[in-house]
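Here we start with a single chain on its own, the form predicted on its own, put down as structure tokens.
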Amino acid sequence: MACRQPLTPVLRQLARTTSSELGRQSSRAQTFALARRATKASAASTSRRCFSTTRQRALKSTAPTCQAQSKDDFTSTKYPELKRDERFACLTPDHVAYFRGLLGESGSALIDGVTGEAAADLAPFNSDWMRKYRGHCQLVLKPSSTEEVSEILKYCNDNLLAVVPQGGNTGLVGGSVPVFDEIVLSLGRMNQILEFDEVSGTLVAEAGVILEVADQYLAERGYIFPLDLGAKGSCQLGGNLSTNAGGLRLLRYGSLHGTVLGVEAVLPDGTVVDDLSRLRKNNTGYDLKQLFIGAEGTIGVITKVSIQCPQRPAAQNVAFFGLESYEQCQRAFREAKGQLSEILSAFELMDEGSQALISQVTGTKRPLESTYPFYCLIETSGSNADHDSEKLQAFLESVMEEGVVADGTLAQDETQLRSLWTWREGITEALGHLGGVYKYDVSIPLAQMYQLVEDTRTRVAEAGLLGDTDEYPVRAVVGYGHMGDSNLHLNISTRRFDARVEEVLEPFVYEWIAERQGSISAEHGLGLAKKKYIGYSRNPTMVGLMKQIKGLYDPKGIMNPYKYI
């Protein structure tokens, strides 16, 4: 974290960071006079929290069987209404022998818990990072080519073996984790960038490429990946497409439904769908690639992607503001859209509770001297540093003169730019350090977006579940998200998972959203967590059409069963 000088009524210097100037202060930095409000915002009360020492436990050795293990932390135990589909076969040594013959004997291509002990190796594939979901998978397959994926799925389809595709396993709704003894199909070995056109900006890559690796590859060539996530160091492109991940750059570059040019995918029967177009315009019939984007691996496995990547901005600026109310946040966003328009690339909202958690977990000095009920992080990206700085200066002077922003700081160099972003991107990790988390990724009309956090906090407190001591299961209720996309991340931080908490939260949260014509899933999908709540965002006709598509492409139902469709 870059050191922060004591704040005066002057907003700190702004570095017009260009691609050739990253890592040093801009010589043309401007200083903007800001009038700080006389009355400081009262800090949101922050309970004293203890670090969680809970560690992921490995599965115990089991014989090849279809019976669920009677452990409380298994998904099948937590959700007793879920029953293993009797149509599916149980894994046998003969099945394992076939896959060994296909993939080879290397441990990097297969993890076998059917014929031997592999509990520790299987554990990361059986559980999500939040420790909420845990399956009984006894076999992980790691193909290295589309041909191997095709052979695997064809064999599984013929032998009625259920399959769960898995990328970086960074999801939040249990979509990439097995429920019973499904085979996990890990795409991590398919991690090659295949081609890049430096004129058009078209990137073609395999599904197992890590998002951050793709972005770094593009950065070396003057381009940027149109998607950015807090989990970019672990998540994979195939998983990003399968969940239609949104992230931090959607305000500027749009969703994957618009930036993806083509995909290669494998259907459950082994058919390879080669729709790996490199063209922005291809108006020849149904745009079938869109079916795989956001399908969460329920109709096939994405193996390659072709995506349009924009030129990397030569100048970037980041500002971090403290605001007195959510109404002021809305005013700031409206002004940013009007005054910054084409250079505005991100507008992120964080409440005081979320920032207090980061400070507690990391022990890092906060960007602003005082605390405020709300914070906004604004990023601008453009090609002309002088032009961008003039526009940003006018915006800053405007919101300060009108009393919209109470206090703020601007990044002076790349180090400070990255440091300010950690106060937004680090929230998820900080929450994970403190125990369990109930996460709701939702879209709500902007005017009412934060009201959900306040109403949820009130409901949990009135139920006697929210408090500062260990007798209360809930530590805090916080909210943050992509204000530019009306996308809220409602997080309920818990000391332990407690059935009473879930009963208070669900279906309350979904009913609240449905009443305001919002969406129960903005960017993480439905998975298992929202399986029974799809009706709050989709009417029976739409759900029926989805089931027809599922039945057409996966008539035996082997792809990612027990999830939302």
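Just so it is clear, the structure is predicted and the values come from calculations on it, not from any experiment. Numbers for residues come from their place in the sequence shown, where the first is 1.
Note that the form predicted together with ligand MLT isn't included here; everything after this is about it.
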### Task
Given ligand MLT as it appears in the predicted complex, superposed onto the chain shown via the C-alphas lining its site, indicate whether the pocket is open or blocked by backbone or C-beta atoms at a 2.4 Å cut-off with 3 or more atoms counting as blocked.
open
#### Entry: Which of 422-430, 135-143, 376-384, 402-410 sits within 4.5 Å of ligand MLT in the predicted complex, heavy atom basis
422-430
### Task
May I ask you to state whether Y438 is within 4.5 Å of ligand MLT in the predicted complex, using heavy atom distances?
no
### Task
Could you confirm whether H482 comes within 4.5 Å of ligand MLT in the predicted complex, counting heavy atoms only?
yes
### Task
Determine whether any heavy atom of V114 comes within 4.5 Å of a heavy atom of ligand MLT in the predicted complex, and answer yes or no.
no
### Query
Going by a heavy atom distance of 4.5 Å, is H489 a contact of ligand MLT in the predicted complex?
yes
### Task
Could you work out which of A332, M350, L172, A319 is the residue within 4.5 angstroms of ligand MLT in the predicted complex, going by heavy atoms?
L172
